[in-house]
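Below are two forms of the same protein chain, given as structure tokens: structure 1, then structure 2.
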Structure 1
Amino acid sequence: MSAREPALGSRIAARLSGGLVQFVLVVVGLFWLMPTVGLLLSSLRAPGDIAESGWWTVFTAPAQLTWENYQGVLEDGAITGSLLSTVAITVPATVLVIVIGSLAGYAFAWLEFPGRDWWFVLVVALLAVPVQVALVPVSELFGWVGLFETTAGVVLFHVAFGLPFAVFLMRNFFAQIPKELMEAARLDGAGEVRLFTRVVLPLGGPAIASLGIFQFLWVWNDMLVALVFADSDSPPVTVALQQQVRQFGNNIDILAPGAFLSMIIPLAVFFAFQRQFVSGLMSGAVK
């Protein structure tokens, strides 16, 4: 039986790597991309064409495609200003979570201090706290300290709720660094700061890239926190697009190009760090 098992496993692996599986994966990928393609083509059609027919009609009538919608969006100060507001919120919230999460993850992984394991259990428990629970008390706190409807308040909220996952991820990744490597660096006279910056951070690049992508996407696509805490005069793009919805219909000539533009930056960030993202996800599979 043991001699037949490898042969059976080899046959199954060979069949799974065949052309049929690859064809199925291509079909699934095309279906997955269909909403994005539909949004892009809709954003390139005039409002009258959108009202009369579906986006797939551009394949038989390519003359429908026009850049007028994008020109209108770029000339709309509310949309362009909301994109800048989103960048002003997302970049600091991502950088702060990476920096603080990396420092805390290193401390939990390699520093000895009283109650370290219990503190880490508390951090993990915070992962289960839903955002909705904190909206009312944090609103009252921000109103008392003057951070309500400010960019700084939105950034602080995202940092606070992003840190538990960041600490959990970075601690688990840093803990996999060989102990012999850390001890050798200490024997060479490296202090904790130099050890963290010269040894741990370079090895933690894949995990940092994964954390950055997760945090960036969460903050960029957030709408609930932005609706509650963001400045109504300079809302992020998710809120600005929601405000474009009319009472008796959708302002599709603004919503479609605006939504597609809001997708470009997250997609660019993801594909720019795709290799590091995959390495970070796979780093915990083997040790």
Structure 2
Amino acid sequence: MSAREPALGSRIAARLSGGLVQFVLVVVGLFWLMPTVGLLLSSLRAPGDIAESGWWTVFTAPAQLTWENYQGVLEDGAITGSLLSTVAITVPATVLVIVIGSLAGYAFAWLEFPGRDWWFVLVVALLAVPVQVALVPVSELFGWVGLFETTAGVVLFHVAFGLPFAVFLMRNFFAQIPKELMEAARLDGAGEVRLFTRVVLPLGGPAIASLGIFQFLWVWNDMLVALVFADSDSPPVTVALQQQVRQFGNNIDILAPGAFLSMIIPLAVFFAFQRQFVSGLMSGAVK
């Protein structure tokens, strides 16, 4: 038996199985895309067409596609208004968690105080606490201090539940700053505040980006917290759409474009900052 034969045979086998792998992945990829494509195409069909046939008929009769539903949703204003509410909740909740989380992360990394590591571990342990645990107590608490059904209340809740991860991420990142750099700055007479704003924060860019993206997506996509704590007169988009779901069958012309509008910004953020998103995931960023 010559030595070449098995090599050739296995090369052919490898080529064949390579083709099979490609095929399987293409099929799975299409399968994974299909539900989203279905929503997109449904959002682009007139209500009459939606009621009568499936979105896949678009491929044989592309003339069905229309902006009608989007026009309807934009003119009605309820969904666009709720998108603004979502922004009004998401932006402060993201900025605040970055600021407060960085402050605490810096303290845990570079300041000395009794029980420092113990406190840090305690804060990070809270990462696993389900938000559900806090719904009842916090709505009572917010009722007492007048934060129930206010944007501020929703923001504070999101900041609190974002903090364990924020502190964890920022502390670990700041701890990697070279000691010499910090000492040099301290010798130059920089106070802790100055050190924090001039040295530590500017170096924290990548961690801040990861944290910002996660918090942004969590808050933007949240429905439960908003359902309990948000002002029911100006709910964020998730809650506004959820109220429409009860009439699902004959409401797709509102739900599909509404859902798609609510997805555009998180998807854009996701695609723009994939790398930071993945590095955040690696550091354990899942609630």
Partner chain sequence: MADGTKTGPAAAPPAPARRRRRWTPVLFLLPALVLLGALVVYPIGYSVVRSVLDKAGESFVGVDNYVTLFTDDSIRTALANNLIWVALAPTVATALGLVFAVLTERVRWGTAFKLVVFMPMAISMLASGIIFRLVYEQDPDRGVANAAWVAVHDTFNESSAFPKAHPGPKSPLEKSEGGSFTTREPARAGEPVLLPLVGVAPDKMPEDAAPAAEAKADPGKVTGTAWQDFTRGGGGTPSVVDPEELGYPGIRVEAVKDGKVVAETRAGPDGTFALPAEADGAQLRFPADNFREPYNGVDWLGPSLVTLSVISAYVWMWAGFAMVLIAAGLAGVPRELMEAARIDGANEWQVFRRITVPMLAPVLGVVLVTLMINVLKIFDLIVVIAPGSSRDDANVLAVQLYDSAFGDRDLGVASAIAVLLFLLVMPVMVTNVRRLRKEARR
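Along the sequence of structure 1, residues get numbers from 1 upward. As the structure is a prediction and not an experimental result, all values here were calculated from the model. Throughout, rigid core stands for the largest set of C-alpha atoms superposing within 1.5 Å between the two forms.
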- prompt: So which is the form predicted on its own here, 1 or 2?
  reply: 1
task: Using a rigid core alignment, state whether the CA of residue 182 is displaced by 2 Å or more between the two structures.
output: yes
message: Rigid core aligned, does the Cα position of residue 36 differ by 2 Å or more between the two structures?
response: yes
message: Given a superposition on the rigid core, I'd like a yes or no on whether residue 63 shifts its C-alpha by 2 Å or more between the two structures.
response: no
